[in-house]
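Single chain ahead, by itself, as structure tokens, in the form predicted alone.
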């Protein structure tokens, strides 16, 4: 029969059209901003810096290795390494970034900075409501704007954050075991 495919397509379209008014799970319109969909864990927007402990300046995981700056395709990350080591949240002396800026007007949210970071210091945020009336004020995010606690990371990416914390704990345990001198009794 000529036109059988067209008729089948029109029947399917009519079924979807009618079903969208009847079935609640098929409604696609959300009355934003009064209603909001729950964020999915795999969502990503712009990078942020994770810190451990209470003080964001001491607890930053970033040691200013500048790998993310070198690997960033649009070159939107700008880092200046501090010349002196400062104590982190555990008291260990670490290098920290003196300046860590991300120009979000250039960032393409590719997540390459997250993938190359050996210290799990930079992660992708899910915040999407970034509009502002100020054209120039919010496009360059500084270190203080980018710093988020580990608890925030656990809230937005719970599965990934748990795996990262477990990995970091095993690395710390390995480092502690290496630094311990052998305590075998002398014979």
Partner chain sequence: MNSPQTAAFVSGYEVRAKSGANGEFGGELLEIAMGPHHPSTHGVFRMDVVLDGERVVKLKPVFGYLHRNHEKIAEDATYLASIPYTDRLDYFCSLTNNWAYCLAVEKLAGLQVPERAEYIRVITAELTRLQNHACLGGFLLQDMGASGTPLMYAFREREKILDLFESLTGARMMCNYMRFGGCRCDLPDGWLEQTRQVLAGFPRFLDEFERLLNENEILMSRTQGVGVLSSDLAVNAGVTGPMLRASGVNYDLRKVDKYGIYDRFSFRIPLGDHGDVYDRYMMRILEMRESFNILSQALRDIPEGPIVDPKAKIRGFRPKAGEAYGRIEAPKGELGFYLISDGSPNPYRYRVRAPSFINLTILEDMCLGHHVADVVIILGSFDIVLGEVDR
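In this text, the rigid core denotes the largest set of C-alpha atoms whose superposition between the two forms falls within 1.5 Å. Positions refer to the first chain, counted from 1. Everything quoted here is computed from the prediction, not taken from an experiment.
The form predicted together with its partner chain is left out here; the points below concern that form.
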- request: Determine whether any heavy atom of residue 44 comes within 4.5 Å of a heavy atom of its partner chain in the predicted complex, and answer yes or no.
  value: yes
message: Is residue 13 near its partner chain? Define near as a heavy atom within 4.5 Å, in the predicted complex.
response: yes
- prompt: Would residue 71 count as touching its partner chain in the predicted complex under a 4.5 Å heavy atom rule?
  reply: yes
message: Taking its partner chain as it sits in the predicted complex, is residue 83 near enough to touch it, meaning that at least one heavy atom pair lies within 4.5 angstroms?
response: no
- request: Heavy atoms within 4.5 Å of its partner chain in the predicted complex is the criterion; list the residues of 110-129 that meet it.
  value: 110, 111, 112, 115, 116, 117, 118
- prompt: When you overlay the rigid core, is the Cα of residue 15 off by 2 Å or more between this form and the one not shown?
  reply: yes
